[in-house]
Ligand SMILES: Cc1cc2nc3c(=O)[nH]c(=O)nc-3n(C[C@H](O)[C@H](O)[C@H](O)COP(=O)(O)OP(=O)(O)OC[C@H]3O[C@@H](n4cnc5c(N)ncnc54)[C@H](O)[C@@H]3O)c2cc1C
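Only one chain is given next, in C-alpha coordinates, and it is the form predicted on its own.
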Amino acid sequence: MSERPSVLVAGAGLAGITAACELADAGLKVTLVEKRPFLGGRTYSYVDKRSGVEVDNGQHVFMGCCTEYIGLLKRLGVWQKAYLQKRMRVRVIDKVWGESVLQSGALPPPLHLLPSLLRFRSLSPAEKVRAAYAMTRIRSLDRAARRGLDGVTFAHWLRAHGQTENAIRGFWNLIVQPTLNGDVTTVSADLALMVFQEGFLRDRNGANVGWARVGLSALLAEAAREYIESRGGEVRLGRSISGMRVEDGRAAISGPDEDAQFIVMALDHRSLLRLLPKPLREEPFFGRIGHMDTSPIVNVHLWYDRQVTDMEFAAFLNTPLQWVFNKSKLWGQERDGQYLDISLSGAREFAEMPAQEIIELFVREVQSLFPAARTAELKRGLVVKQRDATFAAHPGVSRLRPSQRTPVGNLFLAGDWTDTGWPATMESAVRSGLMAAQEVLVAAGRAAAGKEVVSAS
(Lines give C-alpha, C1' and ligand atoms only; values in the text may rest on other atoms or scores of the structure.)
Protein backbone atom coordinates (compact mmCIF):
# COMPACT_ATOMS: atom_id res chain seq x y z
CA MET A 1 0.00 0.00 0.00
CA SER A 2 1.49 3.35 -1.05
CA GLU A 3 2.10 6.07 1.50
CA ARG A 4 -0.59 8.71 1.73
CA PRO A 5 0.26 12.00 0.00
CA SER A 6 0.87 14.74 2.56
CA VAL A 7 -0.63 18.22 2.42
CA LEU A 8 -0.13 21.27 4.59
CA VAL A 9 -3.09 23.65 4.89
CA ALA A 10 -2.00 27.03 6.24
CA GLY A 11 -4.81 29.05 7.80
CA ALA A 12 -7.74 27.62 9.76
CA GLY A 13 -10.56 29.88 8.68
CA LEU A 14 -13.55 28.46 6.85
CA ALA A 15 -11.53 27.99 3.66
CA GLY A 16 -8.72 26.11 5.39
CA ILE A 17 -11.08 24.03 7.51
CA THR A 18 -13.09 23.04 4.43
CA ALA A 19 -10.00 22.13 2.41
CA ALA A 20 -8.59 20.09 5.30
CA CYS A 21 -11.87 18.20 5.80
CA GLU A 22 -12.20 17.43 2.09
CA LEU A 23 -8.60 16.24 1.79
CA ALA A 24 -8.76 14.17 4.97
CA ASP A 25 -11.91 12.49 3.67
CA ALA A 26 -10.04 11.67 0.46
CA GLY A 27 -7.34 9.86 2.43
CA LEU A 28 -4.52 12.40 2.32
CA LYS A 29 -2.30 13.04 5.32
CA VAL A 30 -3.45 16.53 6.34
CA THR A 31 -1.78 19.02 8.66
CA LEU A 32 -3.82 22.15 9.38
CA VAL A 33 -1.69 24.99 10.75
CA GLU A 34 -3.02 28.20 12.33
CA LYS A 35 -0.96 30.97 13.92
CA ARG A 36 -3.72 31.91 16.37
CA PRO A 37 -4.72 29.64 19.27
CA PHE A 38 -8.16 28.90 17.83
CA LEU A 39 -9.90 27.77 14.65
CA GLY A 40 -12.30 29.90 12.67
CA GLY A 41 -10.27 32.66 11.05
CA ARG A 42 -12.49 35.72 10.66
CA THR A 43 -15.52 33.87 12.04
CA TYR A 44 -14.79 33.53 15.72
CA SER A 45 -16.14 34.54 19.12
CA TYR A 46 -14.66 35.28 22.51
CA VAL A 47 -15.87 36.05 26.03
CA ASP A 48 -16.04 39.77 26.79
CA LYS A 49 -14.34 40.14 30.16
CA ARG A 50 -16.52 42.98 31.42
CA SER A 51 -19.91 41.59 30.44
CA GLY A 52 -19.03 37.90 30.71
CA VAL A 53 -20.95 37.33 27.47
CA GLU A 54 -19.67 35.53 24.39
CA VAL A 55 -19.16 38.04 21.57
CA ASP A 56 -18.86 37.31 17.86
CA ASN A 57 -16.16 39.30 16.11
CA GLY A 58 -18.92 40.29 13.69
CA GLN A 59 -22.50 39.32 12.98
CA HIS A 60 -22.25 36.62 10.32
CA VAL A 61 -25.43 35.56 8.56
CA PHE A 62 -25.93 33.26 5.62
CA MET A 63 -28.75 32.68 3.13
CA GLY A 64 -30.53 29.69 1.70
CA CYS A 65 -28.43 29.95 -1.46
CA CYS A 66 -25.27 29.32 0.60
CA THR A 67 -25.48 25.60 -0.09
CA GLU A 68 -21.82 24.76 0.47
CA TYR A 69 -21.63 26.59 3.81
CA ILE A 70 -24.77 24.79 4.94
CA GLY A 71 -23.18 21.57 3.69
CA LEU A 72 -20.11 22.21 5.83
CA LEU A 73 -22.23 22.65 8.96
CA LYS A 74 -24.03 19.40 8.19
CA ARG A 75 -20.75 17.64 7.44
CA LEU A 76 -19.40 18.64 10.84
CA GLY A 77 -22.62 17.61 12.58
CA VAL A 78 -23.43 21.10 13.88
CA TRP A 79 -26.37 22.08 11.69
CA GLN A 80 -28.68 21.91 14.71
CA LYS A 81 -26.75 24.86 16.17
CA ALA A 82 -27.86 27.08 13.29
CA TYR A 83 -31.23 28.41 12.15
CA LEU A 84 -32.53 29.11 8.64
CA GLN A 85 -35.80 30.87 7.91
CA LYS A 86 -38.37 28.75 6.09
CA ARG A 87 -39.30 31.87 4.13
CA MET A 88 -37.36 35.11 3.81
CA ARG A 89 -38.72 37.82 6.06
CA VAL A 90 -36.76 41.01 6.77
CA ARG A 91 -38.10 44.01 8.65
CA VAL A 92 -36.97 47.33 7.15
CA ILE A 93 -37.30 50.39 9.38
CA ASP A 94 -37.05 53.70 7.53
CA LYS A 95 -36.59 56.59 9.94
CA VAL A 96 -38.51 58.85 7.55
CA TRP A 97 -41.13 56.63 5.90
CA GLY A 98 -41.81 54.02 8.59
CA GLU A 99 -41.60 50.22 8.63
CA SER A 100 -41.91 47.75 5.78
CA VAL A 101 -41.34 44.02 5.46
CA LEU A 102 -39.50 42.37 2.58
CA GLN A 103 -40.60 38.78 2.32
CA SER A 104 -40.88 35.89 -0.09
CA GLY A 105 -44.35 34.90 -1.18
CA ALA A 106 -45.82 31.78 -2.76
CA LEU A 107 -45.55 32.96 -6.37
CA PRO A 108 -42.70 31.69 -8.59
CA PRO A 109 -39.59 33.87 -8.97
CA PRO A 110 -39.33 36.77 -9.55
CA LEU A 111 -42.99 37.33 -8.67
CA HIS A 112 -42.45 35.94 -5.16
CA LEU A 113 -41.04 39.33 -4.09
CA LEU A 114 -43.64 41.48 -5.84
CA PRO A 115 -46.33 41.71 -3.11
CA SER A 116 -43.89 42.96 -0.47
CA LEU A 117 -42.16 45.24 -2.99
CA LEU A 118 -45.50 46.86 -3.80
CA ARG A 119 -46.02 47.55 -0.10
CA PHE A 120 -42.47 48.89 0.43
CA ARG A 121 -42.98 52.32 1.98
CA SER A 122 -39.59 53.81 1.06
CA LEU A 123 -40.35 53.80 -2.68
CA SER A 124 -42.91 55.74 -4.71
CA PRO A 125 -45.39 53.81 -6.88
CA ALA A 126 -43.35 54.61 -9.99
CA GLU A 127 -40.11 53.50 -8.29
CA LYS A 128 -41.71 50.19 -7.32
CA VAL A 129 -42.70 49.51 -10.92
CA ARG A 130 -39.19 50.37 -12.13
CA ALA A 131 -37.62 48.15 -9.44
CA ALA A 132 -39.83 45.23 -10.49
CA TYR A 133 -38.82 45.79 -14.11
CA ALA A 134 -35.11 45.83 -13.15
CA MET A 135 -35.59 42.57 -11.25
CA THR A 136 -36.93 40.87 -14.38
CA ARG A 137 -33.98 42.18 -16.37
CA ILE A 138 -31.53 40.92 -13.76
CA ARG A 139 -33.08 37.46 -13.68
CA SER A 140 -32.72 36.98 -17.43
CA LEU A 141 -29.31 38.64 -17.75
CA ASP A 142 -26.47 36.45 -19.03
CA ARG A 143 -23.59 37.82 -17.00
CA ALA A 144 -21.04 35.55 -18.68
CA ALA A 145 -21.78 37.22 -21.99
CA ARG A 146 -21.46 40.69 -20.50
CA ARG A 147 -17.91 40.79 -19.24
CA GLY A 148 -17.95 44.57 -19.12
CA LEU A 149 -20.24 44.42 -16.09
CA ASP A 150 -17.24 43.99 -13.81
CA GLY A 151 -15.84 47.29 -15.06
CA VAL A 152 -18.71 49.50 -13.86
CA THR A 153 -20.42 50.10 -10.55
CA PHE A 154 -23.82 48.67 -9.76
CA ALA A 155 -25.14 52.20 -9.28
CA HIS A 156 -24.11 52.93 -12.88
CA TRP A 157 -26.02 49.85 -14.10
CA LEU A 158 -29.07 50.77 -12.05
CA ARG A 159 -29.17 54.33 -13.35
CA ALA A 160 -28.94 52.99 -16.90
CA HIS A 161 -32.00 50.86 -16.13
CA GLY A 162 -34.24 53.61 -14.86
CA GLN A 163 -33.57 53.50 -11.13
CA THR A 164 -33.81 56.79 -9.23
CA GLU A 165 -31.28 57.89 -6.63
CA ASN A 166 -33.90 57.31 -3.94
CA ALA A 167 -34.48 53.74 -5.14
CA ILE A 168 -30.75 53.08 -5.37
CA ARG A 169 -30.29 54.23 -1.77
CA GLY A 170 -33.58 53.08 -0.32
CA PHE A 171 -33.86 49.63 -1.87
CA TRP A 172 -30.89 48.31 -3.84
CA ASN A 173 -28.16 49.43 -1.44
CA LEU A 174 -30.10 47.84 1.42
CA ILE A 175 -29.14 44.43 0.00
CA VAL A 176 -25.84 45.26 -1.68
CA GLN A 177 -24.05 46.88 1.26
CA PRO A 178 -24.14 43.92 3.69
CA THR A 179 -23.54 41.25 1.04
CA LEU A 180 -20.66 42.96 -0.79
CA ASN A 181 -19.38 44.99 2.17
CA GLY A 182 -19.44 48.12 0.07
CA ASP A 183 -21.69 50.94 -1.03
CA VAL A 184 -23.72 50.51 -4.22
CA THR A 185 -21.71 53.34 -5.81
CA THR A 186 -18.38 51.55 -5.29
CA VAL A 187 -19.04 47.87 -5.99
CA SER A 188 -18.79 45.85 -9.20
CA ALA A 189 -22.06 45.56 -11.09
CA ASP A 190 -21.22 41.96 -11.93
CA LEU A 191 -20.88 40.86 -8.30
CA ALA A 192 -24.00 42.77 -7.25
CA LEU A 193 -26.01 41.23 -10.06
CA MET A 194 -24.72 37.82 -9.01
CA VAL A 195 -26.10 38.41 -5.49
CA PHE A 196 -29.57 39.15 -6.83
CA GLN A 197 -29.54 36.28 -9.30
CA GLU A 198 -28.33 33.64 -6.85
CA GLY A 199 -29.90 34.96 -3.67
CA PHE A 200 -33.22 36.43 -4.70
CA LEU A 201 -34.27 35.41 -8.19
CA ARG A 202 -33.25 31.79 -8.78
CA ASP A 203 -35.80 30.32 -6.37
CA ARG A 204 -38.05 31.42 -3.52
CA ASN A 205 -35.78 30.14 -0.76
CA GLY A 206 -32.45 31.57 -1.88
CA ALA A 207 -32.73 34.66 0.31
CA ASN A 208 -33.95 32.90 3.46
CA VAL A 209 -31.81 34.31 6.27
CA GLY A 210 -29.81 32.04 8.57
CA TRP A 211 -27.62 32.52 11.62
CA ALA A 212 -25.79 30.63 14.33
CA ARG A 213 -27.73 30.00 17.54
CA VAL A 214 -24.43 30.07 19.46
CA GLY A 215 -21.16 31.98 19.29
CA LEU A 216 -19.20 31.42 16.10
CA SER A 217 -16.35 29.57 17.82
CA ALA A 218 -18.80 27.35 19.67
CA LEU A 219 -20.49 26.60 16.36
CA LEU A 220 -17.77 24.69 14.55
CA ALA A 221 -14.24 25.07 15.97
CA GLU A 222 -14.17 21.93 18.10
CA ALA A 223 -16.25 19.96 15.62
CA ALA A 224 -13.80 20.80 12.84
CA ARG A 225 -10.82 19.72 14.92
CA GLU A 226 -12.45 16.42 15.82
CA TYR A 227 -13.48 15.80 12.21
CA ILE A 228 -9.96 16.29 10.85
CA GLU A 229 -8.19 14.39 13.62
CA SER A 230 -10.62 11.45 13.46
CA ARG A 231 -9.54 10.98 9.84
CA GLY A 232 -5.85 10.87 10.61
CA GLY A 233 -5.16 14.58 10.21
CA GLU A 234 -3.38 16.91 12.58
CA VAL A 235 -4.37 20.38 13.78
CA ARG A 236 -1.58 22.64 15.03
CA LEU A 237 -2.65 25.89 16.69
CA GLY A 238 -0.34 28.75 17.66
CA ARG A 239 2.11 27.76 14.90
CA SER A 240 3.33 30.28 12.35
CA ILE A 241 4.81 29.91 8.89
CA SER A 242 7.78 32.23 8.58
CA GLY A 243 8.20 32.11 4.82
CA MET A 244 8.23 30.13 1.61
CA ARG A 245 10.81 29.12 -0.94
CA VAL A 246 10.55 27.63 -4.41
CA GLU A 247 13.04 25.02 -5.55
CA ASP A 248 12.85 23.15 -8.87
CA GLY A 249 9.37 24.50 -9.50
CA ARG A 250 7.98 23.30 -6.18
CA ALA A 251 7.11 25.27 -3.06
CA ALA A 252 8.26 24.50 0.46
CA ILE A 253 7.45 26.45 3.59
CA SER A 254 9.66 27.54 6.44
CA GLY A 255 8.11 26.26 9.62
CA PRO A 256 6.03 23.21 10.53
CA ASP A 257 5.80 20.27 8.16
CA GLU A 258 8.38 21.54 5.70
CA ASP A 259 8.33 18.30 3.72
CA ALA A 260 4.64 18.38 2.75
CA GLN A 261 4.14 17.31 -0.84
CA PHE A 262 1.30 19.79 -1.39
CA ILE A 263 0.57 23.16 0.17
CA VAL A 264 -2.75 24.98 0.42
CA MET A 265 -2.36 28.59 1.50
CA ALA A 266 -5.72 29.52 3.02
CA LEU A 267 -4.66 32.97 4.22
CA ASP A 268 -5.90 36.47 3.50
CA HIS A 269 -4.26 37.88 0.41
CA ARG A 270 -2.01 40.34 2.24
CA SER A 271 -0.62 37.68 4.59
CA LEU A 272 0.00 35.42 1.62
CA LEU A 273 2.02 38.05 -0.24
CA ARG A 274 4.21 38.70 2.80
CA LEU A 275 5.21 35.02 2.87
CA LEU A 276 6.03 34.67 -0.82
CA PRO A 277 9.65 35.03 -1.96
CA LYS A 278 10.24 38.23 -3.93
CA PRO A 279 10.51 36.58 -7.38
CA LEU A 280 7.13 34.95 -6.84
CA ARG A 281 5.50 38.19 -5.66
CA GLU A 282 6.64 39.82 -8.90
CA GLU A 283 5.31 36.99 -11.07
CA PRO A 284 2.12 38.20 -12.88
CA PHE A 285 -0.17 35.57 -11.34
CA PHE A 286 0.72 36.65 -7.81
CA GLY A 287 1.54 40.27 -8.56
CA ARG A 288 -2.04 41.18 -9.38
CA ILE A 289 -3.13 40.09 -5.89
CA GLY A 290 -1.31 43.06 -4.41
CA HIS A 291 -3.69 45.41 -6.21
CA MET A 292 -6.70 44.11 -4.27
CA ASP A 293 -8.03 46.56 -1.69
CA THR A 294 -9.90 45.74 1.52
CA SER A 295 -13.11 46.98 3.09
CA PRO A 296 -13.88 47.35 6.82
CA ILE A 297 -16.73 46.09 8.99
CA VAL A 298 -17.53 47.63 12.37
CA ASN A 299 -19.79 46.04 14.97
CA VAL A 300 -21.24 47.94 17.91
CA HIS A 301 -22.30 45.72 20.81
CA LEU A 302 -24.75 47.21 23.31
CA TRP A 303 -25.97 45.58 26.53
CA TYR A 304 -29.08 47.05 28.19
CA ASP A 305 -30.54 46.30 31.60
CA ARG A 306 -33.95 45.54 30.08
CA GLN A 307 -35.58 44.65 26.79
CA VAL A 308 -35.73 47.57 24.37
CA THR A 309 -37.12 45.75 21.28
CA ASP A 310 -38.83 42.45 20.54
CA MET A 311 -37.53 42.10 16.95
CA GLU A 312 -35.04 39.40 15.89
CA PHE A 313 -33.22 41.66 13.45
CA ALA A 314 -33.95 44.53 11.09
CA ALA A 315 -32.42 46.67 8.37
CA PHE A 316 -32.55 50.45 8.59
CA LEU A 317 -32.78 53.41 6.22
CA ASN A 318 -32.20 57.15 6.66
CA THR A 319 -30.14 56.58 9.80
CA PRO A 320 -26.50 55.63 10.46
CA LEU A 321 -27.84 52.25 11.60
CA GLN A 322 -27.58 49.59 8.91
CA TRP A 323 -28.55 46.29 10.54
CA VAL A 324 -29.42 45.53 14.17
CA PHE A 325 -29.45 41.99 15.54
CA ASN A 326 -31.11 41.07 18.82
CA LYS A 327 -28.50 38.55 19.96
CA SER A 328 -30.48 37.75 23.12
CA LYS A 329 -33.33 36.48 20.96
CA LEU A 330 -31.23 34.89 18.22
CA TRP A 331 -29.29 32.92 20.83
CA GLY A 332 -32.35 32.06 22.94
CA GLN A 333 -30.92 33.90 25.94
CA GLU A 334 -33.72 36.36 26.68
CA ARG A 335 -33.63 37.30 30.31
CA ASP A 336 -34.02 40.67 32.05
CA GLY A 337 -31.44 42.46 29.93
CA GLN A 338 -30.91 42.64 26.19
CA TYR A 339 -27.86 42.36 23.95
CA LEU A 340 -27.95 44.15 20.58
CA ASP A 341 -25.34 43.89 17.84
CA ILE A 342 -25.24 46.74 15.30
CA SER A 343 -23.49 45.67 12.09
CA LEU A 344 -21.96 48.30 9.81
CA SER A 345 -20.59 47.21 6.42
CA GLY A 346 -18.28 49.24 4.21
CA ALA A 347 -17.75 51.27 7.35
CA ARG A 348 -14.74 53.40 6.43
CA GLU A 349 -15.89 56.47 8.37
CA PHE A 350 -16.49 54.43 11.53
CA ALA A 351 -13.23 52.47 11.24
CA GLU A 352 -11.33 55.65 12.12
CA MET A 353 -13.80 57.13 14.62
CA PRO A 354 -13.01 56.76 18.36
CA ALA A 355 -14.96 53.92 19.95
CA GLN A 356 -16.67 56.11 22.55
CA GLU A 357 -17.98 58.45 19.89
CA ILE A 358 -19.35 55.47 17.97
CA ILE A 359 -21.11 54.13 21.07
CA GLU A 360 -22.63 57.51 21.90
CA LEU A 361 -23.86 57.98 18.32
CA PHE A 362 -25.57 54.62 18.12
CA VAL A 363 -27.03 54.77 21.61
CA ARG A 364 -28.80 57.96 20.47
CA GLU A 365 -29.98 56.26 17.28
CA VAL A 366 -31.32 53.25 19.18
CA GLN A 367 -33.16 55.59 21.53
CA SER A 368 -34.68 57.50 18.63
CA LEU A 369 -36.01 54.34 17.02
CA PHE A 370 -36.88 52.21 20.07
CA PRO A 371 -38.64 54.30 22.74
CA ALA A 372 -38.05 51.67 25.44
CA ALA A 373 -34.30 52.34 25.16
CA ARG A 374 -34.79 55.91 26.44
CA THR A 375 -35.45 54.67 29.95
CA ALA A 376 -33.11 51.66 29.82
CA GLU A 377 -29.63 51.68 31.31
CA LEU A 378 -26.72 50.92 29.00
CA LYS A 379 -24.66 48.46 31.01
CA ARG A 380 -21.87 47.98 28.47
CA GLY A 381 -20.85 49.21 25.03
CA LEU A 382 -18.17 47.57 22.89
CA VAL A 383 -16.88 48.39 19.41
CA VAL A 384 -15.15 45.73 17.30
CA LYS A 385 -13.36 47.04 14.21
CA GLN A 386 -12.20 44.81 11.38
CA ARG A 387 -10.37 47.23 9.11
CA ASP A 388 -9.51 44.55 6.55
CA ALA A 389 -12.63 42.44 6.95
CA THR A 390 -13.02 41.48 3.28
CA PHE A 391 -11.62 42.27 -0.12
CA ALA A 392 -13.17 45.40 -1.63
CA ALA A 393 -15.57 44.47 -4.42
CA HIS A 394 -14.57 47.42 -6.61
CA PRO A 395 -15.07 47.35 -10.39
CA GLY A 396 -12.32 45.31 -12.02
CA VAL A 397 -11.78 43.06 -9.00
CA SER A 398 -12.60 39.89 -10.93
CA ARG A 399 -9.40 40.31 -12.95
CA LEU A 400 -7.38 40.39 -9.73
CA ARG A 401 -8.84 37.31 -8.03
CA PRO A 402 -6.58 34.28 -8.63
CA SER A 403 -7.61 30.71 -9.26
CA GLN A 404 -6.94 28.01 -6.68
CA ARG A 405 -4.26 26.42 -8.87
CA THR A 406 -1.09 28.48 -9.14
CA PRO A 407 1.90 28.40 -11.54
CA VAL A 408 3.81 26.51 -8.82
CA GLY A 409 2.91 22.86 -9.27
CA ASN A 410 2.31 21.90 -5.63
CA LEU A 411 1.00 25.26 -4.36
CA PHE A 412 -2.73 26.02 -4.14
CA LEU A 413 -4.77 28.93 -2.80
CA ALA A 414 -7.98 29.14 -0.81
CA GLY A 415 -9.89 32.04 0.67
CA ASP A 416 -13.05 34.01 -0.03
CA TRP A 417 -10.91 36.44 -2.08
CA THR A 418 -9.89 33.81 -4.63
CA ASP A 419 -11.85 33.32 -7.83
CA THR A 420 -15.02 31.61 -6.63
CA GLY A 421 -17.43 33.85 -8.51
CA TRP A 422 -18.98 34.85 -5.16
CA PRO A 423 -18.45 37.98 -3.07
CA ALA A 424 -16.44 37.82 0.17
CA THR A 425 -18.83 35.66 2.17
CA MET A 426 -18.68 32.51 4.25
CA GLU A 427 -20.07 30.71 1.22
CA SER A 428 -17.19 31.94 -0.92
CA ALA A 429 -14.67 30.82 1.69
CA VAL A 430 -16.13 27.30 1.84
CA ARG A 431 -16.34 27.04 -1.95
CA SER A 432 -12.72 28.11 -2.27
CA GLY A 433 -11.66 25.38 0.16
CA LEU A 434 -13.55 22.75 -1.82
CA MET A 435 -12.12 23.99 -5.11
CA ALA A 436 -8.56 24.05 -3.75
CA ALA A 437 -8.94 20.55 -2.33
CA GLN A 438 -10.17 19.21 -5.68
CA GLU A 439 -7.17 20.76 -7.43
CA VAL A 440 -4.86 19.07 -4.92
CA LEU A 441 -6.57 15.74 -5.51
CA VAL A 442 -6.18 16.13 -9.26
CA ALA A 443 -2.48 16.88 -8.81
CA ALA A 444 -2.11 13.91 -6.46
CA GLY A 445 -4.00 11.59 -8.80
CA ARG A 446 -6.64 11.07 -6.14
CA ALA A 447 -9.62 12.85 -7.69
CA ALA A 448 -12.70 10.69 -7.41
CA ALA A 449 -14.00 9.55 -10.78
CA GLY A 450 -16.99 11.63 -11.78
CA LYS A 451 -16.71 14.00 -8.84
CA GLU A 452 -17.31 17.55 -9.91
CA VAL A 453 -15.22 20.44 -8.75
CA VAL A 454 -17.43 23.16 -7.26
CA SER A 455 -18.18 25.65 -10.01
CA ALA A 456 -17.11 29.27 -9.77
CA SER A 457 -20.54 30.66 -10.45
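Numbers for residues come from their place in the sequence shown, where the first is 1. Treat the numbers as computed from the prediction; the structure is a model and nothing was measured.
Same protein, other form: the form predicted together with this ligand, not shown, and the subject of what follows.
Asks: Could you tell me which of 300-308, 369-377, 198-206, 260-268 sits within 4.5 Å of this ligand in the model of the complex, going by non-hydrogen atoms?
Replies: Partner-contacting stretch among the options: 260-268.
Asks: Please tell me which of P402, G64, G421, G40 lies within 4.5 Å of this ligand in the model of the complex, judged by heavy atoms.
Replies: After the contact test, the surviving option is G40.
Asks: Give me the residue from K329, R225, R239, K128 that has a heavy atom within 4.5 Å of this ligand in the model of the complex.
Replies: Filtering the options by heavy-atom distance leaves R239.
Asks: So, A12 and this ligand: in the model of the complex, are they within 4.5 Å at any heavy atom pair?
Replies: Close contact exists here: in the model of the complex, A12 approaches this ligand to within 4.5 Å, heavy atoms only.
Asks: Just checking whether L28 would be counted as a contact of this ligand in the model of the complex - the rule being heavy atoms within 4.5 angstroms.
Replies: Answer no; every heavy atom of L28 is more than 4.5 Å from this ligand in the model of the complex.
Asks: Is there a heavy atom of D416 no more than 4.5 Å from a heavy atom of this ligand in the model of the complex?
Replies: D416: yes, in contact with this ligand in the model of the complex.
Asks: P395 near this ligand in the model of the complex, any heavy atom under 4.5 Å?
Replies: Contact with this ligand, no.
Asks: Three residues, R36, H60 and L275; all within 4.5 Å of this ligand in the model of the complex via heavy atoms?
Replies: Judged in the model of the complex, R36, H60 and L275 all sit within 4.5 Å of this ligand.
Asks: For a quick check, can you give me the residues of 384-417 that have a heavy atom within 4.5 Å of this ligand in the model of the complex?
Replies: Heavy-atom contacts to this ligand in the model of the complex: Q386, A389, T390, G415, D416.
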